[in-house]
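Just the one chain here, laid out as C-alpha cells, in the form predicted on its own.
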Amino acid sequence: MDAPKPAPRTLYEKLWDAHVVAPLDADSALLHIDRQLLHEVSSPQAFAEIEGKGLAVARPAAHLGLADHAVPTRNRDRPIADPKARAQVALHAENCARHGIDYLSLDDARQGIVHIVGPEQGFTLPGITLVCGDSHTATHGAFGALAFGIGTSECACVLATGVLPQRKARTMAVELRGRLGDGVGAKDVILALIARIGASGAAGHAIEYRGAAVAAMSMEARMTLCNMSIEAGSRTGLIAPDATTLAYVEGRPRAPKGADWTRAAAYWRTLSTDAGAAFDRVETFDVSRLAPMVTWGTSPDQGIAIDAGIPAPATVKDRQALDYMGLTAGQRLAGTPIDAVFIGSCTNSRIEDLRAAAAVVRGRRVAAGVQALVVPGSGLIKRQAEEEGLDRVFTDAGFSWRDAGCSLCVAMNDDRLASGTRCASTSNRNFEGRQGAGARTHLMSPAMAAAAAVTGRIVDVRTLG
C-alpha cells in the first residue's frame, strides 16, 4: 500500500516543522535557533543573565555582534563623546570577546546596522531560524528565513541553549498583484498595506508576501517589505527563496561554498508554499494604481497616498496624532513644509535606496533651511556608494554624508531633532519623540524623502520629472 501523501504546507509551516526540537503543547514548541544577531542595546542584560547563572554560550559561532543603535555617525576616528553610549559599545565588545563571539567593531569596514550586515555577510540564509533583540528582525524573512525579534531573557536563552520556546503563529498570505508604477516602490507598498489592515492587523500571524509584484522585486525591496511587517503587528514576514534570492546569497562571505552550496541551494528551492496549502487569512492587494505614500500621524498605519487628504479622526488616537503633528483633517500633505530629511535606517539605507534618492537629488540643491542626512546602512554600502559617486551627488546638493548606524531612526545616539522639527524620513516608525522629543516624523520612500529635501516640502516625487 502506498504511503499517505503528506498534507500541503505553507512556507511558515515548513520552516517551523524543520526546527521543532520538542512540542510543548498544541500551539507551542521548543525551536532550534540557528543564528542570533547581537547589538549593544538589548544584549548586555542577556550576557549578565547567563553569567550570573554560571552558564556559557553554547555555540559562539552561531552569533554575530555589532553596535548600531547608540553609535555616532560622524567623527568615528574619535572616542564616542556620550559616556553612556561609549560604555554601552565597549561592554558589548567585551561581552562578545569574552564568549568567543565574532564582533564587528566600529572601525571594521563591515560594521553597520544588524539587519543590513546580516544579509550582506551571508549570516542570513534561507531556511534558517534567526533571532535578534530587535523587532525589525522580520527583515531577514525576505530570504525565506524564519526570523523574529525577541526579548532580553530570550536572548539569554538562545545564548546558553540554542533553543527557544515559541508559540506557533497563524498564517497570513499577502498577495501583491500588478506592477508598480514609476516613482512607487516597496516602501509605498508596505505603508499602504499597514494603512489598510492597521497597526495590529496582522497580530498573531506570520505574513507570507507572494504574487507577481513580489517576484519582480529586488532583494533590497523585499527586505524593506519584510522589515515593516512588525508595524502591522506581525513578528514574521516571509518570502519564498527564488533565483533572485540565491543570486544575492551566492558568494557572500558566510554563505556555503562548493558542494555545500549545491546541497543548500537544492534544499532552499523546496522552501515554498505547497499547492493547495491553506492560509488562515489571505489579503489581496493590486499595487498597479498605488501612489507614493506618506504618514500623517504618529503610528505607521496613519498613512495616505500623497494625492489624498488626511481622513477625519475616527479615534482619540487619531485626534492626538493630528494635534502632535500640527495637522488638520482634510489637509493634503503635499506642500507641507519640512525642516529635516533623513535617508537611512534598516528599512531604507541599502545601495538601491541611495541610488533612488540620488537620482532625484542629482543636479539639485537641498532647500534653504532644511537639514538633510544620508546614513548608509553599513560601511560596505558607504564604500560602494562612494565608488559610484553617490556621496558627491548628496554632498554637492548640501546633504550631510555619514558613517553607518541607526542614526535618526531611533535617536539613541547623537543624531536627534529638536522639538517641533518636521522630518521627511525613510525610517520605520513615526512614534511621538522617535526622532527626538517633540519631533514630527513623516514616513516615506527614499525617492520621496529626496524630493522633500530639494523642494523643502512634502511633494509627489513623480511631479519633479
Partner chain sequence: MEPFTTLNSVAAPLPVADIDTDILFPARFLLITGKDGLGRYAFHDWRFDAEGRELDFVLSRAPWDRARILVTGANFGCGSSREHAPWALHALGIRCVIAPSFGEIFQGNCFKNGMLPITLGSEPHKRLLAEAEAGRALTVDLPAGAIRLADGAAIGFDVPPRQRDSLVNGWDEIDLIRARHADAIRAFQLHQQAVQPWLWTADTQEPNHG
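Numbering follows the first chain given and starts at 1. It should be emphasised that the depicted structure is a prediction, and the values quoted were computed from it without experimental measurement.
Below, we refer to the form predicted in complex with its partner chain, which is not included among the displayed structures.
Contact here is defined as any heavy atom lying within 4.5 Å of its partner chain in the model of the complex, and by that definition each of Val41, Cys96 and Tyr103 is a contact residue. With its partner chain omitted here, the record of contacts in the model of the complex names 262 to 270 of 340 to 348, 289 to 297, 262 to 270, 214 to 222, defined by a heavy atom within 4.5 Å.
In the model of the complex, none of the heavy atoms of Arg210 sits within 4.5 Å of a heavy atom of its partner chain. In the model of the complex, its partner chain sits beyond 4.5 Å of every heavy atom of Pro313. By the criterion of a heavy atom within 4.5 Å, Gly151 is counted among the residues contacting its partner chain in the model of the complex. Although the partner is absent here, Asp107 sits close enough that one of its heavy atoms falls within 4.5 Å of its partner chain in the model of the complex. The listed set Ala156, Ala240, Ala192, Ala321 contains one residue whose heavy atoms approach its partner chain in the model of the complex to within 4.5 Å, identified as Ala156.
Only one of the listed residues (Val410, Ala397, Val57, Leu417) places a non-hydrogen atom within 4.5 angstroms of its partner chain in the model of the complex, and that residue is Val410. Residues of 23 to 42 that come within 4.5 Å of its partner chain in the model of the complex, judged by any heavy atom, are Leu24, Asp25, Ser28, Leu30, His32, Asp34, Arg35, Val41 in sequence order.
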